[in-house]
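The chain that follows stands alone, in the form predicted alone, written as structure tokens.
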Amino acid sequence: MSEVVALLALALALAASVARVRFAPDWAVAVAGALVLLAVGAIGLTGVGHALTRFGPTVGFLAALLVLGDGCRRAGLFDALASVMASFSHGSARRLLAIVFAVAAATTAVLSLDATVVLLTPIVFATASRLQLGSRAPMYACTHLANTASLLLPVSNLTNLLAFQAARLPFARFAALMALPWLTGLAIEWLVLRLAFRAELDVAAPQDAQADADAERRPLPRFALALLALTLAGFVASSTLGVAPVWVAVIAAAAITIGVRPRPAELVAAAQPAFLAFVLALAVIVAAAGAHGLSSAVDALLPHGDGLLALLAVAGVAAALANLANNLPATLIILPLVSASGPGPVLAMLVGVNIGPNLTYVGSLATLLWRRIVHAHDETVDIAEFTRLGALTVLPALVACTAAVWLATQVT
């Protein structure tokens, strides 16, 4: 009975995150589910405390990164990036896609996938509209790179933060191991999107639209760029100095806050407390489900070892579970099962939970959020087209990126 209640709570929380109805917000459903599990004895106070203690610092790290990303927006970084993209495209849809790729990959890696989805996607729409070019290719680039380009750094994705702690790798070591998989994933995404939208990418912008874009070009804000560079340097140095990376993120968030001076309500909103509550409640629900059989069922599917075939199996199981139950629960379930086998299986799991979600809407929270943003801009997303692009990219990227993880662990 406890397993049934835990799985039902997990299903309802994920359904609420997909439907996003006003009378049942996802955070409230998740918190209610965690409280019900506590009330029926499916998880005790000790289990709740363990889950919150385990993931509390990671959630605090995420909150600081969200504040940092919002501060960069207020400093004018994303508006300046929009003008740079429009100007440097020179009226070419193909060149615009290449610039979107570069900006989305960098934004995802440095400021997390949420910044790409929430802050960059609307700017891409505005840029394509300003140049009177099609927006489908750069639109899909935003969501695909929000997932695929989040392989590089521990700060790129909440799943990475969890794996970073479990693998106990230095920041620079994590980045070095994931650099080749990151580049491999980007190359596959580029090739597929270039081929899938080749007709749209052959169109040139009208000369007057490009002239207007050149006239409106804005300089990049030096303060925000310098702070991001110092923050990355701080993350690298923190592992060497024995300082928790969360403190580097907190200092960076405080610095950008002092620089842009948001109102207290705006600062709280930037940290997205509802989303953080959802993540913590989901951790409690997954802990209850795992304790009552879910972890054992998944463990039976996972191989043990760090050979290439074992890593491919881990990535495949992780991708499948992410598309069935979302990538965050998949990470919470699989991570304890593979962390004892060394960094290779942990990083292979990240390939699965980061790239796999490009196949379905429910694969990641970022994809769900991207879909809402697209609809808010009166754009349409064809589920058949979305699935077709996912089918063309996910399988080759899973195989190639996992092989790259194996190679990186062998070489370094």
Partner chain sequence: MRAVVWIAEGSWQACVDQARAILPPDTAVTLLHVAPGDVEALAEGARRGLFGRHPPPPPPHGSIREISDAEAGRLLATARERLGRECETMARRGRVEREVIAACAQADADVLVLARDGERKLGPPSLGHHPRFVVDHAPCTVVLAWAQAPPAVETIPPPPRHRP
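Just so you know, these numbers come straight off a predicted model, no measurement behind them. What we label the rigid core is the largest C-alpha set whose atoms superpose within 1.5 Å from one form to the other. Positions refer to the first chain, counted from 1.
In what follows, reference is made to the form predicted together with the partner chain, a form of this protein that is not presented.
- Contact annotation: the partner chain lies within 4.5 Å of heavy atoms from the stretch 358-366 in the model of the complex, the single such stretch among 53-61, 358-366, 40-48, 340-348.
- Residue contact check for P154: none of its heavy atoms lie within 4.5 Å of the partner chain in the model of the complex.
- In the model of the complex, the partner chain lies within 4.5 Å of some heavy atom of R198.
- Although the partner is absent from this view, G134 contacts the partner chain in the model of the complex, with a non-hydrogen atom inside 4.5 angstroms.
- The partner chain is not drawn, but in the model of the complex it has a heavy atom within 4.5 Å of A126.
- Site annotation in the model of the complex: the residue of A253, L328, V103, L97 reaching within 4.5 Å of the partner chain with a heavy atom is L328.
- Interface residue among P122, G293, G259, P221, judged by heavy atoms within 4.5 Å of the partner chain in the model of the complex: P122.
- Applying a 4.5 Å heavy atom cutoff to the partner chain in the model of the complex picks out no residue from 176-191.
- When two forms of a protein are overlaid on their rigid core, residues whose CA moves 2 Å or more are considered shifted, and L133 is one of them between the shown form and the other one.
- Taking the rigid core as fixed, one finds a CA shift for L195 of 2 Å or more between the shown form and the other one.
- Core-superposed comparison between the shown form and the other one: the CA of V362 exceeds or equals a 2 Å shift.
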